[in-house]
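Encoded as structure tokens, the following chain is the form predicted on its own, with no partner shown.
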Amino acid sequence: MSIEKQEKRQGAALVAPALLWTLGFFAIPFAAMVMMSLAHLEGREIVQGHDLGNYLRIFTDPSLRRGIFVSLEITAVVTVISVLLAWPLAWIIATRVPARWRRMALLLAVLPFWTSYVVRSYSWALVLGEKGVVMNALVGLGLLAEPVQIMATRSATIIGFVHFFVMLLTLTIYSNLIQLSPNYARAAEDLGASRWQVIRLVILPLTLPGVMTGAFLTFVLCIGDYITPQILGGNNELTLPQLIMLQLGRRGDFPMASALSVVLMVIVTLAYAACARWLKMERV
């Protein structure tokens, strides 16, 4: 046996477990979900078929179409706000916090990850309620005459999401910042660039891979999240995951739930394609 064939077999043996895992736990279930999305519900019976009726209904039914737009709007707002808050925080930790305190700063940044996702959401429900800490403080300071309804609104959902994803983005951006050589900034300053120009024209473009990685993770986790919108947003505006759970739990309409899930997968795939393009540009 030649050395080349032996190396190919060894490579195939190393890749095989990952391929089998992907095939068994992603490709086959996804194919089954696509097939289910082409069926339809008659009474309580699922009738297998090959029609696009469920997909047509998604884009013609105002309530279903609205759920997609609500999810996209919330996800876009959360992603933008999280990036705008996380980048300065990561920059401060990487460049302004003394080296001996950086581990402590990063530890404080990841503390939200130590708490259950459900517990965090219910904690925000207590904080943002009409008798919560925020409303009591604002009324006590005289900034508000009476409590304002924040719970069961889109604002509460966005606050809960941002609290979590800012820390996630901070870690991805920080990992890029600490790898940058300080000579880049020094060279730009020697050429007459101001501190703002150094950040905007040198540091920020070099950290774009970390920003895009964190933004993509934020997009995927946010648009597919069911718990936070359900606890903090209530049922005033249903997101795409809430619509999927509604089809499964109350109506038992597995074909429609599958079709909505396929739409969600398509949206995530498009987001990945957009982020991968930008990352590829930065690596060239």
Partner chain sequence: MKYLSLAYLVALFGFILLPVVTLVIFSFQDGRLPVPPFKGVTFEWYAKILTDRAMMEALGNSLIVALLSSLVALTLGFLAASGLARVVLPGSVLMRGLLIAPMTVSYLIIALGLLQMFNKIGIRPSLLATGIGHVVINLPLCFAILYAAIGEHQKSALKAARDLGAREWQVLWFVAAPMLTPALAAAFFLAFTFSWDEFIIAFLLTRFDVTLPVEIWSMLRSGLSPATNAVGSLVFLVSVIVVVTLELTLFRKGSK
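C-alpha atoms forming the largest set that superposes within 1.5 Å between two forms make up the rigid core. Residue numbers count along the first chain shown, from 1. Since the model is a prediction, treat every value here as computed from it, not as a measurement.
Below: the form predicted in complex with its partner chain, not depicted.
Participant: Pick the stretch from 186-194, 160-168, 140-148, 200-208 whose residues have a heavy atom within 4.5 Å of its partner chain in the model of the complex.
Facilitator: So the stretch in question is 160-168.
Participant: Quick check on Val220: any heavy atom within 4.5 Å of its partner chain in the model of the complex?
Facilitator: Close contact exists here: in the model of the complex, Val220 approaches its partner chain to within 4.5 Å, heavy atoms only.
Participant: I'd like to know if Met33 sits close to its partner chain in the model of the complex, meaning any non-hydrogen atom pair within 4.5 angstroms.
Facilitator: Yes - in the model of the complex, heavy atoms of Met33 and its partner chain come within 4.5 Å of each other.
Participant: Applying a 4.5 Å heavy atom distance criterion, does Gly234 contact its partner chain in the model of the complex?
Facilitator: Output for Gly234 is no: heavy atoms all beyond 4.5 Å of its partner chain.
Participant: Determine whether any heavy atom of Asn54 comes within 4.5 Å of a heavy atom of its partner chain in the model of the complex, and answer yes or no.
Facilitator: Looking in the model of the complex, residue contacts with its partner chain do not include Asn54, since no heavy atom lies within 4.5 Å.
Participant: Of the residues Ile92, Leu72, Leu180, Val80, which one places a heavy atom within 4.5 Å of its partner chain in the model of the complex?
Facilitator: Exactly one residue meets the criterion: Ile92.
Participant: May I ask whether Leu38, Ile58 and Met212 all come within 4.5 angstroms of its partner chain in the model of the complex, judged by heavy atoms?
Facilitator: Checking in the model of the complex: none of Leu38, Ile58 and Met212 is within 4.5 Å of its partner chain.
Participant: What residues, if any, in 95-119 have a non-hydrogen atom within 4.5 angstroms of its partner chain in the model of the complex?
Facilitator: If the 4.5 Å heavy-atom criterion is applied to its partner chain in the model of the complex, 95-119 yields Arg96, Val97, Arg103, Ala105, Leu107, Leu108, Ala109, Leu111, Pro112, Trp114, Thr115, Ser116, Tyr117, Val118, Val119.
Participant: Tell me whether Tyr226 is among the residues that move between the shown form and the other one (Cα shift of 2 angstroms or more, core superposed).
Facilitator: No: Tyr226 shifts by under 2 Å between the shown form and the other one.
Participant: Rigid core fitted, then: does Ala12 show a CA shift of 2 angstroms or greater between the shown form and the other one?
Facilitator: For Ala12, whose C-alpha is compared between the shown form and the other one after core superposition, the shift is 2 Å or more.
Participant: Please check if Thr22 moves between the shown form and the other one, taking a CA shift of 2 Å or more relative to the superposed core as movement.
Facilitator: Thr22 C-alpha, core-superposed: shift of 2 Å or more.
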